[in-house]
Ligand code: ADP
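Listed next as structure tokens is one chain, alone, in the form predicted alone.
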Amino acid sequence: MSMVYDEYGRPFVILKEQQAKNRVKGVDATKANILAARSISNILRTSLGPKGMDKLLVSPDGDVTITNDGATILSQMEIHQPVAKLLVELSSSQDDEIGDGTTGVVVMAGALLEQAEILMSKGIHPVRIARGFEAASQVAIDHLAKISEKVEFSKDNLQPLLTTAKTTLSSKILQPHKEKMAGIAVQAILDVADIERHDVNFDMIRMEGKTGGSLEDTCLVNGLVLDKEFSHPQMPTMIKDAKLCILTCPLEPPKPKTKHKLQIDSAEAYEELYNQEQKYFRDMIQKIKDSGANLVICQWGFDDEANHLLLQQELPAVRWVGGVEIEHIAIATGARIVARVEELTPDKLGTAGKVEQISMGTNSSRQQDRILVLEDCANKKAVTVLVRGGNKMIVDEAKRSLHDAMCVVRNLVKDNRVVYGGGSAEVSCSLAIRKHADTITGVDQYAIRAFADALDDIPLALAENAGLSPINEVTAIKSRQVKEGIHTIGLGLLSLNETEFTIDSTKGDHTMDMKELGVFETLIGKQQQMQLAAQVVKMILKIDDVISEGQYR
């Protein structure tokens, strides 16, 4: 490395070729990036679909997570390769925007990169490949909109919403209980949704998990559930017509902000100090009583002295309530968050029809076995899903599964167009893209056909994960779609006792009409998958030089 100066005396560095021999450039850089991204995609490939496998993730602290949710798997993996991190962000974007399809979008991106590598080995420039993929993705998005169907639903007809939620839950741990769980997901969304405006306030839905019991004990509470208990065991466990105040200040005497030292040299001085502290506590509690409150929710803790005085004044209290929970309580009950007791007035109180402390399980002495339930709140559009399960891993996975189902129902409320699952939409798009490729001249048609081949990878993975013959099944789906002209033909992976349809053993395949089976997913979710996958692949293909900071010093 040489140091050279320009005419103004400013130094710049010349990088000699022999010193840059470790630098990855050109086609080698693109292929290295494709390899890294495909390795991530291959990890998630086996988790795709209703028969997908779960992954066991162990954190550095030894915490264990078992899941088949793509976004969760990638977010908990320690990935250092820069391009591989793009797929993590891809899955995260799908999760943030749609809430479901996080595994499928990464598998789709991996299939596109595999096809891109084949085209590059034939000498086609990466920019031409990216351009062809972009054109093909637009054809696929338009075709999805064309084959989509509108499903009409109302508060009296919830079947389309339930069917969509059950399709999502088919690949989750909640699959044996999907009837009940789909009902919970749909009801939770409807409780907070404005159907006429097609708007869903997702922030009004809380998810609370509690170990113990079984997944069947999961329930929907019209109100709030807090993993807390009353601060004193002798306080009443049920309060009807509760008027609650929310305090973000500690119930204790104020402390000077500077360093201080207080020397007490007589019993009289100690007694005076004690009485002064008692007076402060009494005044504070009296102000709360004067406001009309009969329940105190405090963000901070308070000592036993304050706790005892609260009990004497028959004023139940809950302490150490987190900031997010405080906000939820305020929204649900209509209360104002008060920073100082002196500012507390009757108009800042919230209301709830009933506040009850419930003990769960047989060991009632443990704090974590008690919960607080706030029902009949001032704001009726506040619900909590209380998830039960045998252990923490099951509870966490059930919460993720229900979240995905609720996201899909929310998407259907916003846009009621659906496409059918089981790989039928992908195969239909693949056939449409191939037909479009025949009208294109030049090199771009190879990339467009490669996009169609990549779409076939989704039903291939579904069949492979179910233990079926991938080539035979996908060929059978294509054959029936072309012969019968029905774009809803897909791969039926439901077990025989779950459906009245039987597999045609004479043909030896598992192709079924997804419309009759009721397996469908939202149009915006599927379109977003293809759009995001094509964009990320285009970004990866356009990288031709990898420069690491400090590599050449």
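Quick note: we count residues from 1 along the sequence shown, nothing fancier. It should be emphasised that the depicted structure is a prediction, and the values quoted were computed from it without experimental measurement.
The same protein has a further form, the form predicted together with the named molecule, not shown here; the description that follows concerns it.
Three-residue candidate spot T167, K172 and G492; every residue lies within 4.5 angstroms of the named molecule in the predicted complex by at least one non-hydrogen atom. Although the partner is absent here, G525 lies well away from the named molecule in the predicted complex, with no heavy atom inside 4.5 Å. Although the partner is absent here, G104 is a contact residue: one of its heavy atoms lies within 4.5 angstroms of the named molecule in the predicted complex. Using a 4.5 angstroms threshold between heavy atoms, L462 counts as touching the named molecule in the predicted complex. Contact check for S47: a heavy atom falls within 4.5 Å of the named molecule in the predicted complex. This chain is displayed alone, yet in the predicted complex one of E397, D100, E473, D457 has a heavy atom within 4.5 Å of the named molecule; that residue is D100. Among G421, G110, G132, G350, the residue placing a heavy atom within 4.5 Å of the named molecule in the predicted complex is G421. In plain terms, the part of the chain that comes close to the named molecule in the predicted complex, with a heavy atom within 4.5 Å, is 421-429 out of 316-324, 421-429, 220-228, 120-128.
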